[in-house]
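Next comes just one chain, in structure tokens: the form predicted alone.
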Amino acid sequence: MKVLYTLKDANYESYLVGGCVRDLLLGHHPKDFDVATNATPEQVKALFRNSRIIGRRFQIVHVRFGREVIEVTTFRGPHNGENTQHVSDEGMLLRDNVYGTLEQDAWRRDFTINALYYTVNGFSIVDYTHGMDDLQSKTIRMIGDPEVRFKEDPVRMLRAIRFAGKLNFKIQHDDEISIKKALDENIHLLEAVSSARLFDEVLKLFMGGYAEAVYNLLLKENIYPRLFPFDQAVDTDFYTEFVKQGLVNTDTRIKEEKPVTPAFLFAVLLWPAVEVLTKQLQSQDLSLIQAVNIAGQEIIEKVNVRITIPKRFRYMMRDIWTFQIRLPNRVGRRAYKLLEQKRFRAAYDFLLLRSQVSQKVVNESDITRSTAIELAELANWWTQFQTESEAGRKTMLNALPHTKPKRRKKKAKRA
């Protein structure tokens, strides 16, 4: 409100716009607030000492109030069709510093429900694109030709899925110009999006508290394989259920305001491919731990072509996967050493997930009843071990079947 009134008092137009207006109208709690104005970035910056101009493709101003950041954007105008130097061969906008009027700005936005403007000048909603109608009918509708708009920015395809999953809206498909049809014909354009940007978009898809709904839509629209190009071998009931349950658990943690790390999320998303490749590598006479390490590295490298996962998350993902091989080895001091590792908790949660899913889909795919029982017993053992007294832990360890360690072969002495 301070930003809106400061701009108004300086004789500029100012509006709350986009997701914050949409969410308030739906009774949700907005995570952030965006402001649109006819003031240029330089004029906005002159009004707020606590601000800075950012962006290359389209300059915006961040006005900071402590930890809160209000994003202020100048009204955008229509493109000059003759000027193609800022457009890629596929039609993607590379630079976008074209200013315009409020109405022009509305028609430049992506979806009708995101083109609603609230003004303190009369305390009313300005709606040029019938976004209020689509809010009431719970419809995701593109402003303009979906095919053209997707070519301008292919990430809009993911945004359509995200909003549909988040708001439980249907994606518009009843007009001659259909979002669904445009999705089918232009999904390949996601390959032109930078892998770093796709990483950010995947986090928005799966870490907003509605990951399960988004996952189902990504599968339905055949977009998921574009993000994670795995072999058909991972497309089984068990692995689909594994990813889905992992996302359900993520949604639950977010709703309970518990921390969620991208490393655990990606460890879940990639585990089906890692486990399938691990089994293939074991047939080549590699040890289980070797196979998991190699499989994990290969799958991460394959995904990184599409989605750049930061190194700090990759290290944690590999630790979570290798822990699945180490957790069954509890004899002697091994259980204590594993418990002391900083990745233990994440690996333990991952084990619980594997056990939880195996109970659901036992006897399906390659999950046998014995495997499900083994996972359940292992998960229960580690759950109890963490809360037991020292005496209780010793009793649990003594009850484990002990195997004699293999003796290392002596190296032949050099002559």
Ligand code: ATP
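Counting begins at 1, following the sequence as shown. No experiment lies behind these values; they were computed from the predicted model shown.
What comes next is about the form predicted in complex with the named molecule, which is not displayed.
Among heavy atoms of Phe163, some come within 4.5 Å of the named molecule in the model of the complex. The shortest heavy atom separation between Arg109 and the named molecule in the model of the complex is within 4.5 Å.
None of the heavy atoms of Glu13 is located within 4.5 Å of the named molecule in the model of the complex. The closest non-hydrogen atom of Arg197 lies within 4.5 Å of the named molecule in the model of the complex. Residue Asp153 is the only one of Asp237, Glu185, Asp153, Asp127 with a heavy atom lying within 4.5 Å of the named molecule in the model of the complex. With the partner left out here, the named molecule still marks one of 378 to 386, 59 to 67, 45 to 53, 23 to 31 in the model of the complex; by a 4.5 Å heavy atom cut-off that stretch is 23 to 31.
If you take 54 to 76 and check each residue for a heavy atom within 4.5 Å of the named molecule in the model of the complex, you get nothing at all.
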